[in-house]
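The chain that follows stands alone, in the form predicted alone, written as structure tokens.
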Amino acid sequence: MQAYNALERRFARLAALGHALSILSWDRSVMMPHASNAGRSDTLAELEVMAHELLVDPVVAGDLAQAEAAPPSDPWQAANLAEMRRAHRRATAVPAALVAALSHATARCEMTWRAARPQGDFALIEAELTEVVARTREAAIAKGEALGLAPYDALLDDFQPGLQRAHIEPIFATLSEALRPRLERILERQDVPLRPAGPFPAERQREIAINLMGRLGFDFNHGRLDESAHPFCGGNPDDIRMTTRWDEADVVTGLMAVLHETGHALYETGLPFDWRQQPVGRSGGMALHESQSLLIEMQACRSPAFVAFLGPQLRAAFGDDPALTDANLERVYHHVHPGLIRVDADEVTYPLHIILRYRLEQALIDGTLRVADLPEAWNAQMSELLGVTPPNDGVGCLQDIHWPAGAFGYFPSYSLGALLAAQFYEAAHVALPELDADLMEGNVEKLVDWLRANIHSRARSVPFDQLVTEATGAPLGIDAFVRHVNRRYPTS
């Protein structure tokens, strides 16, 4: 066990560096003065190189070989050793110089994106995004060669271990085939909701959001809520940093963004305390992470039962606007409308937003699409898939932070997460027959406890597919999601 224990100590140091990187990155996105970016980029790059050097140190290869020759009998330790090997294999594929170059490129590009997006000015970011794509492609090729994967598959595996295009393609094809004809029928049949008139002061929205977060079990002694251009959840399990954005003309968007990010936060805080400094104690991947945020937001908090609880809260805060009745709020939260913005999309059209990004990022990585041609390609795909055309790049190809931040291969996790969310929620309903009654009272404790027991607490102790099958009785599929759509959006 000596070699294994040495590895645990090393990976605990790596976890500490990761936590520092996460908080510094949050600060850069939320509070750091823009002119400080050059120095912060240098700091982040140096910390990432330090982490990389800790992981690729030749001593690690020897310790791994010794530990694997006499593997631990404890199943958590055995799973941890497998995760250590996975991390080492991926890290040794990428030279330290490329790690630093990619860190610098994404830091610069992300800050430029914050200026380019509100201006809708793609030219402002084109050169820096071109460098990010080039560096990401280099890293993807290096990882792919080491892992026996195509470059884009190597990027997918970064975010959801084991995920490859061979898994995604049939799921997306079947999902599109199931949704597109139903979308037309939904649009023909649905009632148009009244839109709440506002204004809705941001501070009042925040008060409601804080109350809802508390009901979901978020501990403000270990986290906070701030504002940023793009809602996200960062930090680490003991120090969660969430952001949202408020629109005083729209009380719907900001609240649901908070609930979405709280789902992420609950997953992080529910990871096993004793393993938080080790690879096995991390979340099971981004498809699982997105399933937790979408389960809380889409499945639970947009359900008719929870809307019956939320409606009185909104009316107490903003008055008896007819648009804030429970019946109309349900129409608002369930309204299907092909639109421009992914984060505001309904759950029926959302997969089409993901398919668009999935297609384009593959083309960027394999070199068949130049960054300079991205706006035109984006607009063409939007027209084909959703029947809308962005009036400017700010609500088109600049709307997401993912590509400027180097997160290629992330987007498929959103739609796979939506499928998983429906599957987990259906299983939770079977286990918790009083769930709807609880949600009508704003009580989500039993639901969160079920998630803790079946998903959060298991971290990476078992493979992704095993966790899904054991929690739901079936592997990942589209059936539960289709049943959910049929129930929530009837067309007859």
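Don't overthink the numbering: it's just position in the shown sequence, from 1. Computed from a predicted structure; not experimentally measured.
There is also a form predicted in complex with a further copy of the same chain; it is not shown, and the following applies to it.
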Task: Selected contact from 443, 66, 43, 457, since only one has a non-hydrogen atom within 4.5 angstroms of a further copy of the same chain in the predicted bound form - done: 43
Task: Listed residue that, although a further copy of the same chain is not shown, lies within 4.5 Å of it in the predicted bound form (heavy atoms), from 239, 344, 248, 326 - done: 239
- [ ] Verify the contact flag for residue 461: yes if a non-hydrogen atom of it lies within 4.5 Å of a non-hydrogen atom of a further copy of the same chain in the predicted bound form, no if not.
- [x] no
Open item on the list: I'd like to know if residue 223 sits close to a further copy of the same chain in the predicted bound form, meaning any non-hydrogen atom pair within 4.5 angstroms.
Closed with: yes
Open item on the list: Against a further copy of the same chain in the predicted bound form, would residue 26 count as a contact residue? Criterion: heavy atoms within 4.5 Å.
Closed with: yes
TODO: Look up in the predicted bound form whether residue 31 has a non-hydrogen atom within 4.5 angstroms of a further copy of the same chain, and give yes or no.
DONE: yes
TODO: Check, residue by residue, if 17, 20 and 35 all come within 4.5 Å of a further copy of the same chain in the predicted bound form, counting heavy atoms only.
DONE: yes
TODO: Heavy atoms, 4.5 Å, a further copy of the same chain in the predicted bound form: which of 332-340, 137-145, 256-264, 223-231 makes the cut? Say which one.
DONE: 223-231
